[in-house]
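Just one chain follows, in the form predicted alone, and it is written as structure tokens.
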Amino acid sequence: MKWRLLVLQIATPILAIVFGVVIASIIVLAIGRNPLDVFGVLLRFGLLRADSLLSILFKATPLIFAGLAVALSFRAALWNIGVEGQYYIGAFCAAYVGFGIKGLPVAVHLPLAVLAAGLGGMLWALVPILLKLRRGAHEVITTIMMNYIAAAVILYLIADVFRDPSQIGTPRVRTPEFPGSARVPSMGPLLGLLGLTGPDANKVNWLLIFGLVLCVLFTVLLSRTRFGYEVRAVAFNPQAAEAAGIPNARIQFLMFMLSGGVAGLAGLSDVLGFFGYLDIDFPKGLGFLGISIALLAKNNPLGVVLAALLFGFLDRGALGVQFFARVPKEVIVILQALIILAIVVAYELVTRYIRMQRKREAERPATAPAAAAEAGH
């Protein structure tokens, strides 16, 4: 039984991807293109070029943090739809520490900026979780509204309060640039030793390794510790957990705050690593992509890494498909959406199947003695 369930859990995302590819192939045929040629271009362009591999790593870095943030809240049966707003606030807090504090060594300045980003994300997550625990307000509604507030606040701060004076009179709306002490070092030299060279090599920074380490740490925390057991108990059956002495409110509060803290780090790869300032055109939409990644990873922190790399690959491959195969890149966006839909449906079917099998196993010991007694009579 255990092996069968393990195979099902492994096969589910694979079958969902296959389903998405089949439907996308039908769409490609409908516009008069050969699906084999299109997916051949997607694979060759995305995996056989050094610049594409570097681009995938760069694109996957913020997605790892966004996906992990959403997954942490989902693990506690909470819907943190506010990752978008939380990483806006986190990015601004990091930017403020970056340009507002001068004269610090890199060993102090950079960790301080990263810490400010995490605290900013937690601060923005504090309001929704307090409203839920104390007033019963649903976190989906409050976090969505906090996203809009965050966007408006950041726009005001960048455009009117902390705009770089040297950019006044130009179309550029951004904060002052950060000194080198607040910039995340590039992994370009290390990647060069591995044979990955090119102009995109300097975009990949050490936040990628930080994200991987966080995923490993949260995997251990949630699967090998008492706290992880309490999180699973609260998510599976809150009433039973409360009866067993597990404080539901405390567990939900801690997990939501951890989710907000990780969300605050999602924008750092662009702000502290690539740009060196916070721009009005700062990359948006990472929070909503994080929801897709968490669903694809089934809220597994290590699965988040693989899902983020897949999305980075599809995003990069879309450019190759558009340029070389003359197919609109929206076909790849449709493929992403189909994969997510298939994942959600497949996981629900697998969950129902597992519950049915466990129910049958629980009924067998009770029915077997009764059947034996009837046979004896």
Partner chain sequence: MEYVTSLLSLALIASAIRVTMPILLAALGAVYSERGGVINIGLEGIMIMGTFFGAVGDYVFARQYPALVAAIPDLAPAAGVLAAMLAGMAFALIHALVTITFRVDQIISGVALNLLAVGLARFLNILFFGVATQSPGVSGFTPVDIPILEGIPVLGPIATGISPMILVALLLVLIGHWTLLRTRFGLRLRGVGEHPRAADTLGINVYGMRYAGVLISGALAGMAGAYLAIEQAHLYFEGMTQGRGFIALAAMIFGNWWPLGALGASALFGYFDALSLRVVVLPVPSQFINVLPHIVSILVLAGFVRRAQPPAADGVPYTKEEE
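Residue numbers count along the first chain shown, from 1. Just so we're on the same page, rigid core means the largest C-alpha set that superposes within 1.5 Å between forms. Remember, predicted model here, so these are calculated numbers, not experimental data.
Keep in mind the form predicted in complex with the partner chain is missing from the figure; the text below concerns it.
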_Contact at 3, 207 and 212 by the partner chain in the predicted bound form, all three, heavy atom at most 4.5 Å_ = no
_Under a 4.5 Å heavy atom criterion, is residue 47 part of the interface with the partner chain in the predicted bound form?_
no
*Hey, in the predicted bound form, is residue 355 touching the partner chain, heavy atoms inside 4.5 Å?*
yes
*Using heavy atoms and a 4.5 Å limit, would one call residue 231 a contact residue for the partner chain in the predicted bound form?*
no
_Can you tell me whether residue 331 touches the partner chain? I mean in the predicted bound form, with a 4.5 angstroms heavy atom cut-off._
yes
*Among 23-31, 38-46, 53-61, 312-320, which stretch sits within 4.5 Å of the partner chain in the predicted bound form, heavy atoms only?*
23-31
*Can you pick the one in 288, 96, 253, 274 that has a heavy atom within 4.5 Å of the partner chain in the predicted bound form?*
288
*From the list 226, 284, 102, 138, which entry has a heavy atom within 4.5 Å of the partner chain in the predicted bound form?*
138
_Partner contacts in the predicted bound form for 132-163 (non-hydrogen atom within 4.5 angstroms of the partner chain)_ = 135, 137, 138, 140, 141, 142, 144, 145, 146, 148, 149, 152, 153, 155, 156, 160
*C-alpha of residue 38: shift of 2 angstroms or more between the shown form and the other one, rigid core aligned?*
yes
*Spell out whether the Cα of residue 344 moves at least 2 Å between the shown form and the other one when the two forms are superposed on their rigid core.*
no
